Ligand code: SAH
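Only one chain is shown below, in structure tokens, and it's the form predicted alone.
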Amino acid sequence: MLFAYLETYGCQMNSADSDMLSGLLQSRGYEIVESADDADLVVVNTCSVRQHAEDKAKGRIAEFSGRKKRHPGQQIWVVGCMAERMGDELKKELPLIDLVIGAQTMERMPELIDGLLADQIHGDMNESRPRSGISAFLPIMRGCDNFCTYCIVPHVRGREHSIPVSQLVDSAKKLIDGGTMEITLLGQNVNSYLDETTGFPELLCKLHDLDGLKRLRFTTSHPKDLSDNLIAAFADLPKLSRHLHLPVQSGSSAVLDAMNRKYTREHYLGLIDKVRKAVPDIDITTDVMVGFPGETDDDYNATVELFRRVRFTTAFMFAYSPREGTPAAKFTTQVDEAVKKARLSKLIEVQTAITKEHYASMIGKTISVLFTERQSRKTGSFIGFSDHFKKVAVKSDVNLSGRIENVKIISTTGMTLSGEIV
């Protein structure tokens, strides 16, 4: 028996790639373990979106390299976006790495693994077990054609291409047959999905009608491609989660133009109005970046005002981080780090208050929750998510994993709801 350990950094697409890689390894005779000390193969799936993510991954790889000296024959593979960006330079920096596999190579992992592990494989090389669970990711496209001036993704993941509908339907059926109840569709911009004449709204309809599927989600949407047909799908498809993640990145049209986002503040706010008219109770979340080169106090205040107007349920908020190889890294109007830090702190304060109000408003309401895991045996709580993607905890002596239950909300910690089964 061979053992493999996987550690993943970055976005949900990286998590999906790790799930795919885990399934490939298992079908080829590997057992996935929880500790690198027990592994014959250590795989680190990396992220390049921010320097902090790269530094963290490099630190862990250095740790694994130190342990490797105590495990003769152990291999270290580094895969994903940092592997794509740095290539063999990674092996020069961390020489105990055995293999570097870039993000653009991930789709060829089945044949790549078969070639690399030909003398070790004990399983069926023609089978790849999908790593399913109650909730699972399903990438529907790879790469990105948007080329936002701050973003390294198109450079490390390549140009955008959609996975054929027939392949996606087959993969979804396999996940459902394996016990998956909820599927989250992934792409750098799912709105631009196109397989011949099938666009993203049509794909949602095809997957929505699969027997056994209880819930359907997707991320991430780009505002420039959010169509009326996609907005209508939220009202027309009962299994589709009433949750839309729509990154705004800035509340200033001038900054959005410098970012090459291809929409204005007014266009974004118009989309929010359309979505809420179609589905009044929808939860809308976002990504935002403060301190982009050239961002003035007025630009930043426009972002704060947009947050107060839209009232996102939650937001991923970051200070701009220059990425080598992107146009924005060469802009001469870089914002001082202390200014970026202060702006981010204030925006977090504004959004945290809004989020707490959203969650507090749920107290006393009864909502449908899909439970995915036990929080801990000690507390006896199970964790699930509402149809609007709010996290819910319920104490129960009965195993709730894999069940959809009506839950009355009795309290909140600000980011998690607590309730009891009705």
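The first residue of the shown sequence is 1; numbering continues from there. Not measured: the values here are computed from a predicted model.
Another form, the form predicted together with S-adenosyl-L-homocysteine (SAH), is not on view; read the next lines as being about it.
* Looking at T313, Q188, T303, S241, which is the one with a non-hydrogen atom within 4.5 Å of S-adenosyl-L-homocysteine (SAH) in the predicted complex? -> Filtering the options by heavy-atom distance leaves Q188.
* If you check Y268, Y150, F137, Y193 against S-adenosyl-L-homocysteine (SAH) in the predicted complex, which one has a heavy atom within 4.5 Å? -> Exactly one residue meets the criterion: Y150.
* To do: Name the stretch: of 314-322, 204-212, 293-301, 175-183, exactly one has residues whose heavy atoms fall within 4.5 Å of S-adenosyl-L-homocysteine (SAH) in the predicted complex.
  => Contact criterion met by 314-322 only.
* **Partner contact for R261 in the predicted complex: S-adenosyl-L-homocysteine (SAH), 4.5 angstroms, heavy atom** => Because a heavy atom of R261 falls inside 4.5 Å of S-adenosyl-L-homocysteine (SAH) in the predicted complex, the answer is yes.
* Does D287 reach S-adenosyl-L-homocysteine (SAH) in the predicted complex if we count a contact as any heavy atom within 4.5 Å? -> Although S-adenosyl-L-homocysteine (SAH) is absent here, D287 would touch it in the predicted complex, with heavy atoms inside 4.5 Å.
* To do: Tell me, yes or no, whether Q249 is in contact with S-adenosyl-L-homocysteine (SAH) in the predicted complex, where a contact means a heavy atom of each within 4.5 Å.
  => So Q249 counts as contacting S-adenosyl-L-homocysteine (SAH).
* Look up in the predicted complex whether R50 has a non-hydrogen atom within 4.5 angstroms of S-adenosyl-L-homocysteine (SAH), and give yes or no. => Close contact exists here: in the predicted complex, R50 approaches S-adenosyl-L-homocysteine (SAH) to within 4.5 Å, heavy atoms only.
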